[in-house]
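Consider the single chain below, provided in structure tokens and representing the form predicted on its own.
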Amino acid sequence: MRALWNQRKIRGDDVADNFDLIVIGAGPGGYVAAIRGAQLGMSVACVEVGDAPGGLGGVCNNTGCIPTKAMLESAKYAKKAGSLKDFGVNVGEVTLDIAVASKRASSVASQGAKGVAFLFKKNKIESITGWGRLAGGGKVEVEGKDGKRTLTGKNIIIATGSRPRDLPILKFDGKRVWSSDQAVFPKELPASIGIIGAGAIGMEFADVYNAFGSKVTVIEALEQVLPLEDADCSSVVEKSYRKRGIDIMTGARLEKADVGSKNVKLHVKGKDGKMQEVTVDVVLVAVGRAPIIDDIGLDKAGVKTERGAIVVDDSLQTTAKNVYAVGDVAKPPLLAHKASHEGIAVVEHIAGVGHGMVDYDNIPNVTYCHPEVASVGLTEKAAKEKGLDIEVGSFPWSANGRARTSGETEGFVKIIRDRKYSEILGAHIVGPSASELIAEFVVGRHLESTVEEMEKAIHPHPTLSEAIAEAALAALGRVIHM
């Protein structure tokens, strides 16, 4: 396709606005799809509303995953400072400055955006700044600072991402009521912060603000923090947070919120039915994200939606021919790595090179709080509800030599296996480097490894990875080191 594109340019044809592939959105799903398309010889344009390079990389790079993890890295050091003397490191008075941490997080995000811009230039992708709308018939209208431009594409990928959800009684104002966009780049530390929602976003920011000295209260309507995770993992995190002085209210409903000029009063009904008033300087609403599907021309192009998301088939094609959707605007989960994988899979499907589509049963979840939580596959509860014949094995970090050397012994590695075939039905890690270690289980499940094969693979000593082999042994009823 690239050769044909160059031939037409040589002939002098007017093809400046005609592309083999147009991608709307330059987040983790969009920019990866654009790069893969260019690698396969397609002429590619990527439309992003944010000014390049600042908007490239999407929410994940600019206000989500990357800067949030930079803030969590700062929180890790802030939390660790108090225990350095136990390692023989004596330091003077430790002072914390969340504004400096915020500035660093912004710098890290900026580097990522510039990196995407470099990759676009390297792969000869046309980066177009403006708001992209489908116009039907393979056309995309882009409204930018310099006016409107109409593009024509043989194939179109919608990758417009998502935005934070607010609540009817708590609308974002950026002052007293925050979304994650404000929480990730604070100018100063609030003395107290209320967090509505104990999912990954809420629990990560609870970690950050507690580490820097805010009084943190987390309010969750469901019965456990991190509701999507295995109950045993959630229990470890909740216990750890309470030990650090974070107030956790589960099974609690926010009934009313009074937003004033100096504080916010939250009226919360506890699981015992009693009302409680919680007064905080600011409140972070972390109840999930909503796909961005408004004002992008879906009706004009014949793209249907359902329950706030774009309807797609198994190939991620929408109800309009040659129009696809990936990432947060399509099916859940709303995860950056899932979006990237979808972007690659769709482009290779279009090109006919047969990557294969996405295995939605083998997508890992990670919460980067301290202790970290990571999982893939079924929870123990879900496996039992399915009526599966299972055996569960877990191995605590307190029994792992490498974890003891680092002083990080909270949590465990847990494996749920099928008794008959010893299939890895689910794996759950809470504790040090959980986000990195979970990949071993993802690969194991992808290769259809048995629990026995996970244990028979030799793990270096002393390492955290040994706990994976020990958990496998525990699931087989023959653990060694406990």
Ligand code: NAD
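The numbering used is simple: start at 1 and walk along the sequence shown. In this text the structure is predicted, and so the values were computed from the model without any measurement.
Another form exists, predicted in complex with the named molecule; not displayed. Remarks below refer to it.
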| property | result |
| --- | --- |
| Region of this chain that lies against the named molecule in the model of the complex, out of 399-407, 327-335, 354-362, 295-303 [heavy atom, 4.5 Å] | 327-335 |
| Partner contact for G137 in the model of the complex: the named molecule, 4.5 angstroms, heavy atom | no |
| Distance check, A309 to the named molecule in the model of the complex, heavy atom within 4.5 Å | no |
| Non-hydrogen atom contact V142 with the named molecule in the model of the complex at 4.5 angstroms | no |
| Contact flag, G288 vs the named molecule in the model of the complex, heavy atom cut 4.5 Å | yes |
| Residue (of A339, V347, A198, V208) lying close to the named molecule in the model of the complex, criterion heavy atoms within 4.5 Å | A198 |
| Listed residue (P371, G153, P190, G202) with a non-hydrogen atom within 4.5 angstroms of the named molecule in the model of the complex | G202 |
| Contacts with the named molecule in the model of the complex, stretch 263-281 (heavy atom within 4.5 Å) | none |
